[in-house]
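Only one chain is given next, in structure tokens, and it is the form predicted on its own.
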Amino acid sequence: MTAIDMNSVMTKSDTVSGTNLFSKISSWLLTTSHHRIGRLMVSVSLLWTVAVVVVGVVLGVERISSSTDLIDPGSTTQLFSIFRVGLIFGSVAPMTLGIALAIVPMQIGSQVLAFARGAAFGAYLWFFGMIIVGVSYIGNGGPGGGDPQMVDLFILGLGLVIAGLLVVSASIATTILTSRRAGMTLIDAPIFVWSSLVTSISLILTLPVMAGALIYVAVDHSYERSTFGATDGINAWIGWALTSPQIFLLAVSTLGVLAQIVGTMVRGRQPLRGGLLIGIGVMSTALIGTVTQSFYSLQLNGNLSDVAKSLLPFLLFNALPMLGVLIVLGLCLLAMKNEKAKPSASFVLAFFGVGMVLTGMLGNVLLRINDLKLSNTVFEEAVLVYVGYGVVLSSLGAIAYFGPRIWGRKMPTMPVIGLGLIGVLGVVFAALPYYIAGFTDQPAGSISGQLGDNSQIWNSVATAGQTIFLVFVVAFVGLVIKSSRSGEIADEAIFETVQANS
């Protein structure tokens, strides 16, 4: 059996669905095809990725010099909010869910997607919700916005986004739990399926918490505008969903992608499958900090008993999820060493994507040490960039690996590897300088970078990194489009299913 679903390969009837524009649009609006819904979410999320990185470039240029006048200083809060909201809810979350929609049913041998119309409805809720969010920002809305009606519109749009992602997550989780082929137990499911299940359930448990906070903020903003801080208070109430540990839950899929690719590279003989499941489970403990909205820090000053009291919750909420990444990464490297596997193009993207996520999680550990005084500095922004862009890298690696199973054509190896290394360089340059600048007390959410002799250097390097990453994303999307249309025909033999072992 091969992992290619021949029904999902684009055929003539797929590309010419009707003789007019109306029939083509209706075929997409009314579709119940999991690969179509998944492709829609991935395609739009890539557009949001480009928009978010462009905002990152603009903010970086503003920080280089105070004489730069690209944006109105009064819109600084909104632009930083666009970057965070766009990266999490416009790019990372829908991209991971979209890939799961397209691939998971094929991996578990299901011909249908559970609640297929619901999944399509959720995808369109998310799509139009993000349009509303974007329009609200343009109309001077969003956190810190000056137009109350546009702020209300932002809250409405974000609510639709959350609802859409919840419906899609429920569809993925239900499909995995109830629609596996005869004879496949849950424990036998491919490791990518497991990571998708954990991600979906994590979102189902955490996003309603954010929805509740939005309801409180919406009611307050529509009436008194005092209890929850009006427009400026929105970030305070939903900010936990745009930072660690919530963003770690969206990175769980990176472990599944890497382990799946390695399993294929070593011909399905990946050791210690149970260890991989443990690693994914340990990383999902970030859920505890999210649903409680608690951030436990380590206090080193004081007597030994006070330090000990803060150490246990600090490790539980911050270090334990990082241990899960280390477990999976170590097992994957061990499997490659034992089998002497040659890294593939998709492996390069997935491996460095996990590496960037791990670097961000390590930064989060340092961020939560009170004595370092890194909170409210650009160090926080660097953590988000490392994790968010790391997930994007891994997701593009998943597209390079799973893509031929959908459109039947391979992506060229060397261009993918070359672009992947460019993307890694962009992430490092975009985030590492802010790790350094955080120790010089450069504030987060501010375009003022004149806080030291080297602040201009760090801001310039970070801006260059954002620009490099922008070039990488645009070039990779172009390569995907070209490969899907005119790439080398995929050899079905190389896609032999390794579901029971990988």
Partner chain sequence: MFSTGFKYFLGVTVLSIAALIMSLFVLDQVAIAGVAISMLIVVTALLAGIAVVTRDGQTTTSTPDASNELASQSMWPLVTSIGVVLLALGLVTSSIVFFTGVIVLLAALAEWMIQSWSERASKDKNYNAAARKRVLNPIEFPVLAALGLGVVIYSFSRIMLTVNKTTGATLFIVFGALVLIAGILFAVKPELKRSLVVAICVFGAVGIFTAGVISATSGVREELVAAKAESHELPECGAERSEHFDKEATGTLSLRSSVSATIELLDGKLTAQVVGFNKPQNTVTVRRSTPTSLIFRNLDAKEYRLVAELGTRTLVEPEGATEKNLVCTQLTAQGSEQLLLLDIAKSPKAGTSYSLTVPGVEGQSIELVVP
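Everything quoted here is computed from the prediction, not taken from an experiment. Rigid core (definition): largest C-alpha set, two forms, superposition within 1.5 Å. Numbering follows the first chain given and starts at 1.
One more form of this protein, predicted together with the partner chain, exists but is not displayed; see below.
> Is there any non-hydrogen atom of L304 lying within 4.5 Å of the partner chain in the model of the complex?
Judged by the heavy-atom cut-off of 4.5 Å, L304 is well away from the partner chain in the model of the complex.
> Looking at the partner-bound form in the model of the complex, is N338 within 4.5 Å of the partner chain by any heavy atom?
Residue-level check for N338: no, no contact with the partner chain.
> Would you classify W194 as touching the partner chain in the model of the complex, given a 4.5 Å non-hydrogen atom cut-off?
Although the partner chain is absent here, W194 would touch it in the model of the complex, with heavy atoms inside 4.5 Å.
> I'd like to know whether A382 contacts the partner chain in the model of the complex, with contact meaning heavy atoms within 4.5 angstroms.
Because no heavy atom of A382 falls inside 4.5 Å of the partner chain in the model of the complex, the answer is no.
> Select from the listed residues L214, L125, L329, A241 the one whose heavy atoms reach within 4.5 Å of the partner chain in the model of the complex.
Spelling it out, the residue with a heavy atom inside the cut-off is L125.
> If you check T32, S446, T440, Q456 against the partner chain in the model of the complex, which one has a heavy atom within 4.5 Å?
None of the others qualify; the residue that does is T32.
> Mind telling me which stretch in 393 to 401, 151 to 159, 427 to 435, 362 to 370 gets its heavy atoms within 4.5 Å of the partner chain in the model of the complex?
So the stretch in question is 151 to 159.
> Hey, which residues along 390 to 421 are within 4.5 angstroms of the partner chain in the model of the complex, non-hydrogen atoms only?
Heavy-atom contacts within 4.5 Å come from no residue here.
> Has the Cα of S305 moved 2 Å or more between the shown form and the other one, judged after a core fit?
Indeed, S305 is displaced by 2 Å or more.
> Hey, does S26 budge by 2 Å or more at the Cα between the shown form and the other one once the core is superposed?
After core superposition, the displacement of the S26 C-alpha between the shown form and the other one reaches the 2 Å mark, so yes.
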